[in-house]
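The data below hold one chain only, encoded as structure tokens and taken in the form predicted alone.
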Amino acid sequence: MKNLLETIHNRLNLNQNNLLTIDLFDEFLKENGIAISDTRIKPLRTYIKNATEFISLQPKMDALYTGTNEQFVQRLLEKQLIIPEFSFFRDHITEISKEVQSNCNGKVADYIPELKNIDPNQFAVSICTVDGQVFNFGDHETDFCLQSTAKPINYAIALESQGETYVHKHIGREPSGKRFNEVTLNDQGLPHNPLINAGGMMCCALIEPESSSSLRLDTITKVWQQLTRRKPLVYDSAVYKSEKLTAHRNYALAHLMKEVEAFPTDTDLEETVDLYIKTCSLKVNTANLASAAAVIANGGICPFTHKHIFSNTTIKDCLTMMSFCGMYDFSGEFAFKVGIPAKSGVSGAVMLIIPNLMGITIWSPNLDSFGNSVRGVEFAHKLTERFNFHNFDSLIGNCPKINPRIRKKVSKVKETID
């Protein structure tokens, strides 16, 4: 990389006589949404932190960056990341988050005893772009259980291992129009889709069915570790036990599927339900889940490691399901008004995917009558009222909403929306 430090000096309005301090550089990273812990920037930070003069650093830096990370650093310095004016975008997200935080409607899930003990006032928003730009608001380091936000990933793992044709021999592709835990199947005797409880259990049955339950859980957990970059990633034993003791409806669904031979041959019903509940009990925080959402937004590639975790085809199928089945029996209204692929869970999490741009996670335990986070749904509405993130905003000529993908700044939000 040529003239790396000169480029940094120019970007920070310094000259060669000014010492490039780590504080100045870290402020530059923050302005552009890059965490100082980002491994892609770590070598550069280390050399700047240890620098005593400008000119001696350059030869070492020229040899340090090659390949993908070199391209990332160059794009960062040239303000060519996917959200070029990240601080401007961050200010708008902060404003929306503060507006939503005042909404105290809804109530925590009480049909799982352990969940009803959660503090309903907790609230967090995390964003991760396909370039690894991050923003966190509120209780973003507080753990919660995935619950149904695990379902898209279980579906993706099943697709990767078994293929779309085989998976959909056992799972339908239509919204159910009913409660997520309704004891019902479609006209073919299959779960309506993979994102409700029956479909979630079926996906678990399709993941490495020849392996033991512990090995199958290990496979799922390892995928989540790659998605979230969190190790170890474990399930909450208290929530698992609480949910297992009260899983009568899920067992009823499983027995119904067993009776009509919806499961693959030799499926162990008890192991399948157990695996399903353990995946729902996996612990993450919003920053972790936003990282996973960014992988989906990025076509299956992790923005930080550049590892191809899922195929493009798997992500396409997963996003299609999330677009019209991800918000329980509120999915149609959500698709119409918000227009973003999403998945919610009764722990209060909502995962939003804006393809080729970013993943967003909101967590707030108070739920509405559909089982979706009240604040999460309100945040999603306000987000697409302000930004051109709806799937079909591109069809509107001279769309008045903000497009954060371009450098042009807008001074006032009210001037950009009706």
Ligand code: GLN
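In this text the structure is predicted, and so the values were computed from the model without any measurement. When you see a residue number, it is the position in the sequence shown, counting from 1.
If you look for the form predicted in complex with this ligand, you will not find it shown, but the lines that follow are about it.
Shown alone, this chain has one stretch from 82-90, 338-346, 285-293, 301-309 that lies within 4.5 Å of this ligand in the predicted bound form by heavy atoms: 338-346. Among T228, Q133, T272, N250, the residue placing a heavy atom within 4.5 Å of this ligand in the predicted bound form is N250. Only one of N193, S126, S148, S331 comes within 4.5 Å of this ligand in the predicted bound form through a heavy atom, and that residue is S148. Contact check for Y111: a non-hydrogen atom falls within 4.5 Å of this ligand in the predicted bound form. E243 belongs to the set of residues with a heavy atom inside 4.5 Å of this ligand in the predicted bound form. At least one heavy atom of N197 is located within 4.5 Å of this ligand in the predicted bound form.
In the predicted bound form, at least one heavy atom of Y276 sits within 4.5 Å of a heavy atom of this ligand.
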